[in-house]
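As a starting point, one isolated chain is supplied in structure tokens, in the form predicted alone.
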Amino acid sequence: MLLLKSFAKVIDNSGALVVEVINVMGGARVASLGDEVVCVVKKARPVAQGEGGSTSASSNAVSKLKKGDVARALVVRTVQPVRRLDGTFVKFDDNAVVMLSKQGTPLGNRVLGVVALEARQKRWAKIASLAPKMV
């Protein structure tokens, strides 16, 4: 469960490292697993600046977000336990999100951690296919 002003870890390679939730899409007050939120980037991966052509072009292309950018994100892990339909509860060690574009596609091309099964159930099959493990 993510409230306004909650911090979350970013688990893709979009360039952001830590984000703060500033709005929950759909009019809800809190966001749970599989919900879309609007975030502001609080900490981002530094962009390497080299002289001439010594810097590879791929390192600059990876960092799509910088500090202060506002973007949408999908909640994939929460510390608050969430009840599933079979009666079990699932909770994680941290709050984590995957950054999205305005069209709803993932900004990064890799997801670097486990993703809750609720992401697949709530129309996010693309993110579920990028994840190395579903829990």
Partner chain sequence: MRVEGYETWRPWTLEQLNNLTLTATLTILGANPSIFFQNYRTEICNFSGFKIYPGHGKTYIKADSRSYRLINGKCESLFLQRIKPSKLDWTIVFRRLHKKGQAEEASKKRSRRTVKAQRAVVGATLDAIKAKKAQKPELRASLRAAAAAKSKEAKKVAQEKKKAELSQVKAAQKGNISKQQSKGAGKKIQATSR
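Just so it is clear, the model here is predicted, and its values are computed rather than measured. Positions refer to the first chain, counted from 1.
What comes next is about the form predicted in complex with the partner chain, which is not displayed.
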Item checked: All of L85, F89 and V114 with a heavy atom within 4.5 Å of the partner chain in the predicted bound form -> yes
Check: Where, among 89-97, 35-43, 103-111, 65-73, do residues come within 4.5 Å of the partner chain in the predicted bound form by heavy atom distance?
Finding: 89-97
Item checked: Heavy atom of V135 within 4.5 Å of the partner chain in the predicted bound form -> yes
